[in-house]
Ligand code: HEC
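A lone chain, given as structure tokens: the form predicted on its own.
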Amino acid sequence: MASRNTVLLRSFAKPAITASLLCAILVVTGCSVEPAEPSAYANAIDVPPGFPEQQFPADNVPNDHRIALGRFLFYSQLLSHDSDVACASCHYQGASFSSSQAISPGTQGRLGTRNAPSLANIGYKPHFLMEGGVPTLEMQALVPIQEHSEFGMNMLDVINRFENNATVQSLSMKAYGRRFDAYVLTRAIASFERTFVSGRSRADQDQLTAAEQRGRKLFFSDRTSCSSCHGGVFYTNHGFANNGAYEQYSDQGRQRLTGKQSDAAVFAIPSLRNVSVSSPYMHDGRMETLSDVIAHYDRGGFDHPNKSPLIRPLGLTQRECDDLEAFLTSLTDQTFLYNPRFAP
């Protein structure tokens, strides 16, 4: 488990954790492609204007070797049972490291129950999974590896797959001073993911059309209250809410973690950065387009005992809906979506 001691540097949807996974956290591996040379990652972590400092565990401050190894692992299918899926299979760069499918298939085509969220700015998140039950990015890497419907893999077997990979073992020694193991795997992937910083959209540069400006004003108005949940530099308050997607849910949401009835069908509030390229939407990918999402909120959603009081009928005109969609589209960061440093 990562140390709680952190250092500050200025640079650069799944079930709750089971007891067996918590045990694996105490322990913690690949396709034929070799890891890139560390020199390729010089100045890889970019912090846009107005962004806060990232916090890193004291034992996992990102450096070139750690990022290089993490990138290799992120695209490696050897982490999965049948060597058929990788982290990038569900988190595609062009979709802001989310998936274009409502539910992404895991190893052997197994389907889970939730839509893969965007990983943009994941290094700033205070908790992980839609329940918020995982406190560190290092621990989060264990979940898909051992989840049956994702990688379906035993961690010790993963590590064994790289036992004789001289390049990986060498890079592991350079990055962490030890042979490749669960400790190295989780920390290297986290180091690479912390480079996924997105904050250079047209909206950030105040380069908006008239329609986008009207949409921004509406977005931040008391009339819509959009920014109550999706405000700040990350366009999320990192909280949890029920948004009235259904009257009855098959997914327990945060209740699976807390056991509280007040957390039934409550999920982590996502960031809206790059939202125009990260469809489909909602925890289960039930909505295909941004216009579908805006129409849902304009209607006020479905009734549910835990629905946020902020979700209410808005009475928007068609032009106002179009303006809101235009503003949300302006949050797309093209430099992030096509940065070659993130590519396989």
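All residue numbers refer to positions in the sequence shown, first residue = 1. Just so we're clear, the structure is a prediction, and the values are computed from it rather than from any experiment.
The same protein also has a form predicted in complex with ligand HEC, omitted here; what follows describes it.
Interface residue among 61, 314, 45, 277, judged by heavy atoms within 4.5 Å of ligand HEC in the predicted complex: 314. Checking 175, 257, 155, 122 against ligand HEC in the predicted complex, a heavy atom within 4.5 Å turns up for just one residue: 122.
Although the partner is absent here, residue 105 is a contact residue: one of its heavy atoms lies within 4.5 angstroms of ligand HEC in the predicted complex. When ligand HEC is considered in the predicted complex, residue 269 lines it closely, a heavy atom lying within 4.5 Å. Within this chain, residue 56 is remote from the site of ligand HEC in the predicted complex, having no heavy atom within 4.5 Å. Taking non-hydrogen atoms only, residue 199 never approaches ligand HEC to within 4.5 angstroms in the predicted complex.
Contact here is defined as any heavy atom lying within 4.5 Å of ligand HEC in the predicted complex, and by that definition not a single one of 67, 204 and 233 is a contact residue. Screening 206-214, 160-168, 176-184, 261-269 for residues having heavy atoms within 4.5 Å of ligand HEC in the predicted complex returns a single hit, 261-269. In sequence order, 224, 225, 226, 229, 230, 241, 243 are the residues of 222-260 having a heavy atom within 4.5 Å of ligand HEC in the predicted complex; the partner itself is omitted from this view.
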